[in-house]
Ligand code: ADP
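One chain comes next, on its own, written as structure tokens: the form predicted on its own.
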């Protein structure tokens, strides 16, 4: 059987053949932004671009990692703390920490990472890497965990080692997505429904604003703190809720005159975005792409005006999309503060849109083959 490219590269680097391989897809969030850590609804879709890992056991108590895109590092089991907050390697160290904390006896290993997921495009390359590494190391350890537990390990890696206080959406989309479906996920209960994906005659096109973003160093953390402050204010006003997503519009507006405006608008975005996400899932069930596109535009308006995570460059791309033939909807994707917009585009118009946008782009299909697996 012919060897794959990653197997040939592994042999060249380490002098032996990989014992296991795994891969995990990226994801694009169609709508439902900054709702995941507020216990709300999201609508992600796994994409047919991946992080792939090849791995073999090693006698030493450490993981030697080589990434064609990010470089090399060695992570010792006894010195995991050294990698906390140190960029891409912190995600891997966090996964190792989570496995060891669960008394899983993973061996030392040689690990090669390859990816065709663009970093910073809002496709969750970090979650895909965490999941692919976790699946490979679990296979080396001859241990099978439920996917929900793998998702929790990867979420802890984000929080405790990478310093990104994200919600559970990315890990769930990577682990449970695919099969030509989008995922309507309740981030509070972690229950989800698979709904039809974007029809094959449409594409999602990501357009680069030209502004890179680093989540841990951006206003992302501050927005999460503001949501906690808003929930505390409402609690002191006698409104009982465990998250902003449980607050009703009537209850929020009852406090509008008293509540600090900044906190009011953060909560208003979350409540409105949850409603838009519910309607977007219904639009996908009905195949109504016009309705979905309108909801995407409204999502961006709220993210820009109420949640204040957009930028002039992102706003410019969304205004351009409104006037471009063939685009039904657009909004910023990911946490904001730079990065990409996601655009719902008629398939027949994709080439022209990509050319006319005059910026970097990523074209995504319906995700028919996207799934996480291990061999």
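As the structure is a prediction and not an experimental result, all values here were calculated from the model. Residue numbers count along the first chain shown, from 1.
One more form of this protein, predicted in complex with this ligand, exists but is not displayed; see below.
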Item to check | 4.5 Å heavy atom contact, residue 70 to this ligand in the predicted complex | outcome: yes
Item to check | Proximity of residue 299 to this ligand in the predicted complex, heavy atoms at 4.5 Å | outcome: no
Next on the checklist: So, residue 87 and this ligand: in the predicted complex, are they within 4.5 Å at any heavy atom pair?
Outcome noted: yes
Checklist entry - Do residue 115 and this ligand share at least one heavy atom pair within 4.5 Å in the predicted complex? => result yes
Checklist entry - Any idea which of 190 to 198, 98 to 106, 258 to 266, 119 to 127 reaches within 4.5 Å of this ligand in the predicted complex, heavy atoms considered? => result 119 to 127
Checklist outcome for this item: In this chain shown alone, the residue from 202, 220, 176, 91 with a heavy atom within 4.5 Å of this ligand in the predicted complex is 91
Next on the checklist: Suppose contact means any heavy atom within 4.5 Å; which members of 153 to 170 contact this ligand in the predicted complex?
Outcome noted: 158
